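Just one chain follows, in the form predicted alone, and it is written as structure tokens.
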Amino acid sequence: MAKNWTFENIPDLQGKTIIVTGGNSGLGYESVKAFALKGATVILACRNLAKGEKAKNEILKTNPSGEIQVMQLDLANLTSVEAFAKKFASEHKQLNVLLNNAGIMATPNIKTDDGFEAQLGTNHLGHFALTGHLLPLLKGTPQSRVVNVSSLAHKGGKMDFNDLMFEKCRKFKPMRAYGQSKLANLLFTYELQRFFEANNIDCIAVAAHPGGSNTRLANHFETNKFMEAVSKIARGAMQPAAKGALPQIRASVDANVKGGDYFGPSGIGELFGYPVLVKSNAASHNEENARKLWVVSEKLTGVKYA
């Protein structure tokens, strides 16, 4: 594989159709921008259409010929997820890459519209449902991919199947919930790859993480002036979003990627650097938990994979 993989290594994407969830800001924005510059038809999926259109217009200033379609998608609402998938399927005949990028981090103890803990509901269950609804198109597109964006925080995650929604614990811990959701992203990725292989589906499941990247993902930490100042200092020390997006971009388009691969930055602690193959922790490879999560996810979302 290439050393110091950069934007220049992205192949020509003419004729490819790519969905990017959370494409209006941060890593998602940079991914939409890169894919569009390389000729792909990109669906910028986001909750707020106005923000999505603004992001699209910003990208088109530097790439007037870019093919970007803004579509409404609220991953915290299963009805919205299903509606998005139906609309997409009615307008497109192929799906080369589904980049499940959107995420929230360290939120208060709030619920999705369907009553799920917000981080697990948005980061995992919403994407699980979306992928399931789009499965017919993925199966019908040769050499398609599903890319799930995890985090270094998965290493602190633990799947508590007796209390997935943190309804029994005494005190809600935002980062514990975030870690569980990011571990769920990886368990889902590896189980999805096994599903593809077992059913001879010409699609691969891949994961990536951005290391330490300057985005607005952690804005929930900014609860007062002091924490806002600390957060700004921390973001200033991180790599820019354009570089942080490279692992997920590589996972999406590099011809050498294999199912079950996991990409992250090459530097110390996987915090900075160019995208390379990295390893997730042992808990993410627990096949019993992966299968259990799959069954629970189908039950909670009502989306069956077949």
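Residue numbers run from 1 along the displayed sequence. No experiment lies behind these values; they were computed from the predicted model shown.
The following text describes the form predicted together with a small molecule, which does not appear among the structures shown.
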- [ ] Report yes if all three of 144, 206 and 258 come within 4.5 Å of the small molecule in the predicted bound form by some heavy atom, otherwise no.
- [x] no
Task: Interface stretch in the predicted bound form with the small molecule - options 47 to 55, 61 to 69, 274 to 282, 33 to 41, non-hydrogen atom within 4.5 Å - done: 47 to 55
Open item on the list: Exactly one residue in 73, 186, 85, 177 has a non-hydrogen atom within 4.5 Å of the small molecule in the predicted bound form; which is it?
Closed with: 73
TODO: Consider residue 157 of the chain shown here, and say whether it contacts the small molecule in the predicted bound form, taking contact as heavy atoms within 4.5 Å.
DONE: no
Task: Any non-hydrogen atom of residue 286 within 4.5 angstroms of the small molecule in the predicted bound form - done: no
TODO: Examine residue 25 and determine whether its closest non-hydrogen atom to the small molecule in the predicted bound form is within 4.5 angstroms.
DONE: yes
Open item on the list: Whether residue 96 contacts the small molecule in the predicted bound form should be assessed with a 4.5 Å heavy atom distance threshold; does it?
Closed with: no
